[in-house]
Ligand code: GLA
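Read the single chain below, which is given as structure tokens and is the form predicted on its own.
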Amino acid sequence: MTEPLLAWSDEEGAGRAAALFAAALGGEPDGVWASPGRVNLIGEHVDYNGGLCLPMALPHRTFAAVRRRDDDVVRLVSALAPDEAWTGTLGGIAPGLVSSWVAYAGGTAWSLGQAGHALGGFDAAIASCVPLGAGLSSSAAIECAVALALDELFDLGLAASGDAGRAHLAAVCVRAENEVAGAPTGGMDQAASLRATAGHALLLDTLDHSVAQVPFHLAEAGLELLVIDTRAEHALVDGQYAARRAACHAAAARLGVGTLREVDDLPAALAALPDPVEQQRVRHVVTEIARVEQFVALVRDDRVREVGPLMDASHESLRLDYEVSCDELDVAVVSARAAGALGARMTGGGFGGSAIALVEESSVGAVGAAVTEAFVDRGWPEPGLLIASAAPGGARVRPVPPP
């Protein structure tokens, strides 16, 4: 069984990013900023439907070593391709002009400019321990780390102004992902990366973008949240995600509501929809929002051990009504439950990515081993594993000396 992936400390992450900066771009950065990936506890595919979702920030983060420039030149490098630094100008970062990781690392600069904030050029080196392609928002972590750096280096004062400023930064990052990277995601990932607090899950109301901090201390209940990276390729720009979003918006228009959050009579709504696919999508969204409310109520009442059935029901809804699961996710969920997990579900956009399992602290190894064995028996690569705890949102980390 693969050992769980450990998060980097501030010192290690900042050191890696600064060392890459020195090797690829020369000299020292002005500082290093870090922003986390996220895992969604429940509330999937509702963030673009006005719904409620409950993500939490991971301890696994992306680190961005950044230096302000006095011209409009932008130089970017990633630890994934350290010998392939990208060089251009602010004007060269826009929808249709950049792709891949450059769209995430540079897209926030374009989006900040579109929001009326004055920027200059910058150099940035990106290093991350957020698993890529695992449905844990590695892209949002890049966007948010760079956004925090640019905010501070160009004296925008957004993050320092409190949650309202961080909400604005999150919206900027969402626009970068939607328009520059071309991924039509909602705002959950960026909200979690920037607005989460340590020891809390983030209850996000996507109608008004308000948040509530929900205490989430699994260790006190003798539990752990095991994240299972199926290694099945996860992509949000292949059309499937956009098709689900379009179906929801079409159904809302047919029902005469602004968002599916406003549906208060599910049987009547389903009867009013002639398209069986739209019926399925609506049923998932409406029931998933209800599950989020029930999950939060249980957690706030210190009954976290009772949320397992809600996780199970969420996965079944995503598998059958929303049709975003896959064989690897289903096997991970079924195997985890059979090995003693209290509940399990896919997390993230689906079509691959990760599953989560709520397990007894003493059973983490057994559950991980059971899932791994099920994958190996099917001839699949061993899944990646990590333990999720509720971490804080992004921030500047202490500058490090040059390597």
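For clarity, every value in this text was computed on a predicted model and none was experimentally measured. Residues carry their position along the shown sequence, with the first being 1.
FYI, the form predicted together with the named molecule isn't displayed, but the following is about it.
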At 4.5 Å between heavy atoms, is Gly50 in contact with the named molecule in the predicted bound form? no
Although the partner isn't part of this model, could you tell me whether Trp101 comes within 4.5 Å of the named molecule in the predicted bound form, counting any heavy atom of the residue? no
Is Tyr241 near the named molecule? Define near as a heavy atom within 4.5 Å, in the predicted bound form. yes
Does the named molecule come within 4.5 Å of any heavy atom of Ser138 in the predicted bound form? no
Identify, from the list Ser78, Ser317, Thr185, Ser111, the residue with a heavy atom within 4.5 Å of the named molecule in the predicted bound form. Thr185
Could you tell me which one of Gly368, Gly343, Gly352, Gly43 places a heavy atom within 4.5 Å of the named molecule in the predicted bound form? Gly43
Within 4.5 Å of the named molecule in the predicted bound form by heavy atoms, the stretch out of 56 to 64, 28 to 36, 370 to 378, 344 to 352 is 344 to 352
